[in-house]
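Here's a solo chain for you in structure tokens, the form predicted alone.
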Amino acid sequence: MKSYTNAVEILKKRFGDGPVDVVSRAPGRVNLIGEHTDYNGGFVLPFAVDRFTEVALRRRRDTRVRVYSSAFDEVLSVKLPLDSPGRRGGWPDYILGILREFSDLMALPRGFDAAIAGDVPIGAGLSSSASLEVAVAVGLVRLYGLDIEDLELVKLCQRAERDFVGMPCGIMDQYAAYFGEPGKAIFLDTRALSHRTVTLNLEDVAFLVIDSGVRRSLADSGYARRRGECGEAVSWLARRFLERRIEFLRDVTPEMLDEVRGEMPEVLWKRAAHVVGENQRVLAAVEALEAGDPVEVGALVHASHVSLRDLFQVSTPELDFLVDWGISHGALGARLVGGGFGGVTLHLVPRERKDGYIRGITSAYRRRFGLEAVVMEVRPGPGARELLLSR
């Protein structure tokens, strides 16, 4: 396990020596399979990764809040209580969203200084935003001595991003960042908000996350449009199948979609077909993992990408190239990860082929696009429960 002293050192350098009251951290996440199903009441199978956002906090005697981000070399400075804070754009909005949620729970009695550091790449599809939200929220719970149940804290973080930042996200990212366990994936039912862990019994498989270098802001991208289209699909199908009481695409069966193909607007049918098929792939992947069948897991992962590319239409030429190259050069499976429109791909690669695979794919990508594909091997890591307190 890594030694988390970076945020502490940055806090002292930026805001002066003195005691550090709380150090909190939360991981990024990779979603093995189950993309765009979380806000449709479906199933997802993410795992927390061994890359973290770390926050060091120190109490102040006044009501000033100062937060320094080492990634952006910027300071957010506000005063409590927050009076209808407006969005500022960028990373401060995630902090303001969390502060607003905490302010709704109680009158925050005093401010704090905080420093943020970490190694979750920003905007690359590993959910740096949820990692930041959960790390800050966990730190504030300890700093202010609050008693909040685990799931309620996860919901608080989701609300901060959804209602304040303006990103209509599901709950998967915050859930995985909080509840992650080493060596395990989280099989999450997003409608019931319940989960069980599934051992990632793939010892001979390397999980490679390959950053395409294509950045996107999901709040401004087609993500919100896709979510809206899913809502339209639900409304259409609910009217068409009144007796079925459809509330989410989770409630739709492949047979129902077969029945209305050609009748339902094509774009809405495609969006629904992806979500319905993806839910089935998640269930099949859980079975394959429990059976110790990496070949089947890889095939399902690749089928997910094909669906995201052709039915949900959130891929890019760069992401497709990385996936196609991988499949043709020995990957068990590969797909885009995250909302799409850029970011990263996940590759399941036999461990003995890893080094040559990395050299080959980065060279091929450079030749094709003139871009550097950054490769990160990730392992299933712990969630955000651990707090390191200074002595």
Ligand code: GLA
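All residue numbers refer to positions in the sequence shown, first residue = 1. From a predicted model like this one, the values you see are computed outputs, not experimental measurements.
Omitted from view is the form predicted in complex with this ligand, to which the following refers.
Stretch 172-180 is the contacting one of 82-90, 67-75, 115-123, 172-180, since its residues have non-hydrogen atoms within 4.5 Å of this ligand in the predicted complex.
Proximity of D50 to this ligand in the predicted complex falls outside the 4.5 Å heavy atom cutoff. Contact between Y223 and this ligand in the predicted complex is found at the 4.5 Å heavy atom cutoff. Put simply, H347 is far from this ligand in the predicted complex: not one heavy atom of it is within 4.5 Å.
Within this chain, E54 is remote from the site of this ligand in the predicted complex, having no heavy atom within 4.5 Å. Of the residues G338, G333, P46, G42, just one reaches this ligand in the predicted complex with a heavy atom at 4.5 Å or closer; this is G338. This chain lacks the partner; the member of C230, A303, M167, V209 within 4.5 angstroms of this ligand in the predicted complex by a non-hydrogen atom is M167. Contacts to this ligand in the predicted complex (heavy atom within 4.5 Å) from stretch 252-271: none.
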